[in-house]
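One chain follows as structure tokens, the form predicted on its own.
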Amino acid sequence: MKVKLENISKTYFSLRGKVKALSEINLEIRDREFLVILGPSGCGKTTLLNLIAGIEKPSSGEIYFGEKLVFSDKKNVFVSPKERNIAMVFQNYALYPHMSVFENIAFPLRIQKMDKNIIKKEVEKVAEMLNIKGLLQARPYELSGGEKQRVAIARALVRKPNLFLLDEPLSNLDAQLRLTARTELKTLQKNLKITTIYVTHDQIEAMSLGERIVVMNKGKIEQIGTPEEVYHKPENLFVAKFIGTTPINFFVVEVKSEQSNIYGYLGELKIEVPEEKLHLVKDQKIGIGIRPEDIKTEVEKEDFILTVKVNIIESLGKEYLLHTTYKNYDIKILTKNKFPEKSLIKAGFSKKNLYFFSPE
């Protein structure tokens, strides 16, 4: 099922006054797509999910499920969550402690007053799919975090929804279990072919799960694209900084005009600003970014070579993160080569790996 949001805004009124949580959100989720909404805490991603689910009403705009209008402030349309045929998994799982795993999963079917035999068949089917068939008689307090998460997903899927919504469902799991759960979720979604919207603040989850990623900040969409697009072609500095395990190096440098070309000066390095990026120059300055993994310590045919001082070394297993300085700039370098602290080393990078941003 496709989902379409047109000019969705949400404003809250509280003791702090008027708070605009979402501003003019336009988004189209494709049929059977795994879409991830990514952003920092307070950016509006959970609010957006709640509006799609019908848990909250937008202040303005329209929401379509396929061709069906499920919300419109102008047309006074609001379809209740029950009628939207959606399933939702929350961060805290929200299992009923007094019920067995079987009863928790069966709960949405019993509300629909299904036949007991059909309920049993459907619960066992989804439990087998999620490898929890042996836990059906257990109570939630007897389960591990990963098992609780599977039960919550099973309860959501048993009702065969058209839309699957997940609000940071892996946040309570440890790192190793989170990795396994990510793989299971992606495989499950591909097999079931349900349109899925997944909310997270974890960019590793977003990159590994999403067919497309919606990057949000302060109630607005900053960029929509595949994991490769938001990583290699960030539309602004916020996206470039937020996406990437090791944050991008960012420098504000002065620019000068020479023979009809514009150059940014990073210390003694003279970097030409491409013509299509000249609009980013403000007050004779421009922002230049380069990812730590794009800086080489084995300098061969790099466009720019500089001497940096190694201050601190972080071991990441197969790689090292070097915290270095060049002139007055702090530069992070991700490399497989280890160097002594306080040593001076050569580093280089290619102009094709540079990003240009507004200095603001």
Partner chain sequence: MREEKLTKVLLIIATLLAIFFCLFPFLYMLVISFSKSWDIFSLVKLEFTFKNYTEILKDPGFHCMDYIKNSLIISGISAFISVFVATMGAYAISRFQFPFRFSILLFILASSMFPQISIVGFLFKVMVKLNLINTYPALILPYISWNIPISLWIMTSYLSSIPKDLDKSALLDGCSWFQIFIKIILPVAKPGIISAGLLSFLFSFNEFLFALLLTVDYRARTVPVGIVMFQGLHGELPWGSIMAFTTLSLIPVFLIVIFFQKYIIHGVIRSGLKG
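All figures in this text were calculated on a predicted structure; none of them were measured in a lab. Positions refer to the first chain, counted from 1.
What follows is about the form predicted together with its partner chain, which we do not show.
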- Message: Whether K82, P108 and R155 jointly form a contact site for its partner chain in the predicted complex is the question; each needs a heavy atom within 4.5 Å.
- Response: yes
- Which of 85-93, 243-251, 181-189, 120-128 has heavy atoms within 4.5 Å of its partner chain in the predicted complex? 85-93
- Query: What is the one choice in G134, P97, P274, G267 with a heavy atom within 4.5 Å of its partner chain in the predicted complex?
  - Reply: P97
- Select from the listed residues R159, R212, H201, K218 the one whose heavy atoms reach within 4.5 Å of its partner chain in the predicted complex. R159
- Query: Does its partner chain come within 4.5 Å of any heavy atom of T297 in the predicted complex?
  - Reply: no
- Message: I'd like to check something about N50: if you look in the predicted complex, is any of its heavy atoms closer than or equal to 4.5 Å to a heavy atom of its partner chain?
- Response: yes
- Non-hydrogen atom contact I55 with its partner chain in the predicted complex at 4.5 angstroms: yes
- Message: With the partner left out here, which residues of 205-238 have a non-hydrogen atom within 4.5 Å of its partner chain in the predicted complex?
- Response: none
